[in-house]
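Form predicted alone, single chain, as structure tokens, below.
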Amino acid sequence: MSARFELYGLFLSGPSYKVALMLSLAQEPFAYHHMDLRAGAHKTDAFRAISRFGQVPALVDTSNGMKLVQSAVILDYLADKTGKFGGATLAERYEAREWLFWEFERLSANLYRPRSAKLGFRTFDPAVLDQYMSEGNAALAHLETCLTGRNWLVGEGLTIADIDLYGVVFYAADGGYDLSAYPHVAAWKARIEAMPGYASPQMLMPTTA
């Protein structure tokens, strides 16, 4: 029987990893489609029919034909459809989703962009890169404070808030950030990596379908 969910992504993409990790932690088998962006796979009519913005990740739910883009939306959808990691109460549901918006505003650009510079994909003026690093460390410091005395960001268990932020923090070292300065963040990261179903980007997103 074919998998219910089909994920279109790229092994270097943090947002793609968030979705793949969510599916793996939820123990949902999925078909993975590697998108060679350098070859222009995201510009084809076939892919644009799935991803309106021509971006990864994109998810297809074959049970109902739903096509979704943007990792935060996909995580929210998967929490609803799988009944996992959405929050134990209505209050937790919305608190988890608040973290998704915070991550987009405060964390992802400031960690992903220095990473892209170090990998040679993008070039930034040194002053701009310093600003990203400063704001990234400020975001990590806030996360450190919020995780003090807590195992998870929301409630007493793993939620999409943790999965979403982990998909950024996983790449912190690649961007030049030292997580040893944030012991509660490092411990939280290790807890996620000890969860049943956890797997690395290399395991979940091969360079072939």
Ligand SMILES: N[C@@H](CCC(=O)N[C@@H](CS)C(=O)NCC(=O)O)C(=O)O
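Just so it is clear, the structure is predicted and the values come from calculations on it, not from any experiment. Quick note: we count residues from 1 along the sequence shown, nothing fancier.
Omitted from view is the form predicted in complex with the ligand, to which the following refers.
- Residues within 4.5 angstroms of the ligand in the predicted complex, judged by any non-hydrogen atom, belong to 51-59 and to none of the other stretches in 51-59, 169-177, 150-158, 23-31.
- Of the candidates C146, A181, L37, M66, L37 is the one whose heavy atoms come within 4.5 Å of the ligand in the predicted complex; the others do not.
- Under a 4.5 angstroms non-hydrogen atom cutoff, the ligand in the predicted complex lacks F124 among its neighbouring residues.
- Although the partner is absent here, F104 lies within 4.5 Å of the ligand in the predicted complex, judged by heavy atoms.
- With contact defined as any non-hydrogen atom lying within 4.5 angstroms of the ligand in the predicted complex, the contacting residues in 57-78 are P57, Q70, S71, given in sequence order.
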